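Shown next as structure tokens: one chain only, the form predicted on its own.
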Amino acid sequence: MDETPLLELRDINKIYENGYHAVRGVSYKLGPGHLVGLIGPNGCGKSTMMHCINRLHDTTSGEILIDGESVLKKSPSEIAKIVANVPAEIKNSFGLTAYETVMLGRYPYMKNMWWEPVEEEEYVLKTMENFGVAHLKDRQLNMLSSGEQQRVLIAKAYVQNPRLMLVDEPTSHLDMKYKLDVMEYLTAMVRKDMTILVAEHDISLMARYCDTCIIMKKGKIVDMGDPKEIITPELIEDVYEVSATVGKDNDGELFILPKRYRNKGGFQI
């Protein structure tokens, strides 16, 4: 008997009011216990698709199921117990401290919103220790570095105990050290009962850490599978319109070296 997928998308479409068709007939299934990379150029529909999964955006048509149940019929609090969201950037932290930010991840589970039980405080502080941000607990989130903010946001998502975590461009503002740091945390967080979906522009990073990659172009899925098998020079040129070298280093890790943009008309200066 086939196991029920953790996440299943069935012919998802998202058309904005201005007529822009951002996500076009997307369908796929993901099982539990996987780190999945979502790859594609700017405007290909990566973030929109994730916003449809966690109901930040309403879908135009199609069905989204988690553990076989439609998320389209669930309330925001019900979704927060199974799907956690890590945004690409913080637009407004409202003066919250790092501790208060992580504690927000526990609110869907708490009956009293005016104070936190001792066990909740202990759980949040322990998680912050595990993510190396306990010493920042009293500092305002907007006063932290990009790498520190990212770890705090991931800790917030982790304490939600989700089945699915959606992470949008977690390394876009980070240097090499923190890029690897964040990906190591995400890899360690994947559990047999949880999958993490990461939208990211660094293809080499995704190829190294992810079990599966989903490649998108103009709102559609171009390919899906083991990154070491599906990422080729031909795919890079098709999706990004860039000529690139795809190879493996001495450790067998895939790397992508962009060489030139295939601009057929040439640049006019």
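Position 1 is the first residue in the sequence shown; the rest follow in order. Everything numeric in this text was worked out from a predicted model, so none of it was measured.
Below, we refer to the form predicted in complex with ligand ADP, which is not included among the displayed structures.
Note on contacts: among Leu30, Cys44, Cys52, Leu35, the single residue with a heavy atom within 4.5 Å of ligand ADP in the model of the complex is Cys44. Shown alone, this chain has one stretch from 35 to 43, 65 to 73, 239 to 247, 207 to 215 that lies within 4.5 Å of ligand ADP in the model of the complex by heavy atoms: 35 to 43. Contact check for Leu9: no non-hydrogen atom falls within 4.5 Å of ligand ADP in the model of the complex. Using a 4.5 angstroms threshold between heavy atoms, Thr48 counts as touching ligand ADP in the model of the complex. Within 4.5 Å of some heavy atom of ligand ADP in the model of the complex lies at least one heavy atom of Tyr16. Looking at Tyr20, you'd find a heavy atom of it within 4.5 angstroms of ligand ADP in the model of the complex.
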